[in-house]
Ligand SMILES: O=P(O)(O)OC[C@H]1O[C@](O)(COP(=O)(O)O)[C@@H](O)[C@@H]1O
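Presented as structure tokens, the chain that follows is alone, the form predicted on its own.
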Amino acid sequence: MIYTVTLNPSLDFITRLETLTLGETNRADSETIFPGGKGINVSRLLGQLAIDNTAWGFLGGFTGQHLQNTLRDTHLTQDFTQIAGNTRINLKIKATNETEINATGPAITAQELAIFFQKFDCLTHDDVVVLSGSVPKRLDSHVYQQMLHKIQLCGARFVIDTTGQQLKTALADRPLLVKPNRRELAQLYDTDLATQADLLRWGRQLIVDGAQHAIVSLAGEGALLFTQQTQYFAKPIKGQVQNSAGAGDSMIAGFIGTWLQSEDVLESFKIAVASGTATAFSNDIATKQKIEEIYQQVIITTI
């Protein structure tokens, strides 16, 4: 089983208008509410690929109930830990430019965290846990390390999508996959990535430091995949970007879901690129039909 962990899920309130004028009253052309949170995005894309998974995390209040009901309507298997606080609402304004205001999220009590940690006792060596996203306020910053410790005790494997010191620490535990973007990779190693040679050098360092597979997403410039044996480049695909927020999560879902079924690295990367691009070109997480359409345009080269 694949388990996704979203410590700080959200309802994403998306409003669209032609132009946004700061300091004035603006009237939206449309509004939509989607389930949010990086792990939840991974679960939803896996669902589109018909790959079984279970979503873990914290939900609370009327917002948490709405999010849970929405996910239930999509037949997503979920096993969230209920909390006293309210699940956050993130505001995403799509006008001339895309502006986001992400809430900090609820406080998690020690008792709620202990109940959540009990879920890890069911893990076996056949399971994979996808850890991604931000940590709610007042939750111990070492919570990722605590989860990794529990995962390893059970012999399970993990994917991690976080940044900074949390990512650097996790590399030594040999994650199945990491997926920093260009900026996150530069920050991780405190360097500039001015040239392709820089990208290749520091992307390869992710493997040296412990990652089994590493995708470096380059937005409109394509993506790189590093493995123990080789490295690949996915050429960019032209289209109108509508949803950049969930694209990276979709790449993770496409790669790990395919790899666990086939252990075919190249095919997994192609599905990852198709999934991420399809979501970027959609209003919400991509559908299977959209992924299949984009898949026909994916071109991978060895470098």
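Heads up: residue numbers just count along the shown sequence, starting at 1. Note that the structure is predicted; figures quoted are calculated from it, not measured.
Below: the form predicted together with this ligand, not depicted.
If you superimpose the site C-alphas and bring this ligand over from its pose in the predicted bound form, 3 or more of its atoms are within 2.4 angstroms of a backbone or C-beta atom of this form, and that means blocked. Stretch 90 to 98 is the contacting one of 75 to 83, 167 to 175, 146 to 154, 90 to 98, since its residues have non-hydrogen atoms within 4.5 Å of this ligand in the predicted bound form. Contact annotation for the candidate site: 36, 244 and 247 all lie close to this ligand in the predicted bound form (heavy atom within 4.5 Å). Residue-level contacts in the predicted bound form: of 187, 134, 205, 227, one residue has a heavy atom within 4.5 Å of this ligand, and it is 134. Scanning 212, 231, 109, 102 against this ligand in the predicted bound form with a 4.5 Å heavy atom cut-off leaves one residue, 102. When contacts are judged by a 4.5 Å heavy atom cut-off, residue 10 counts as touching this ligand in the predicted bound form.
This ligand in the predicted bound form comes within 4.5 Å of a heavy atom belonging to residue 41.
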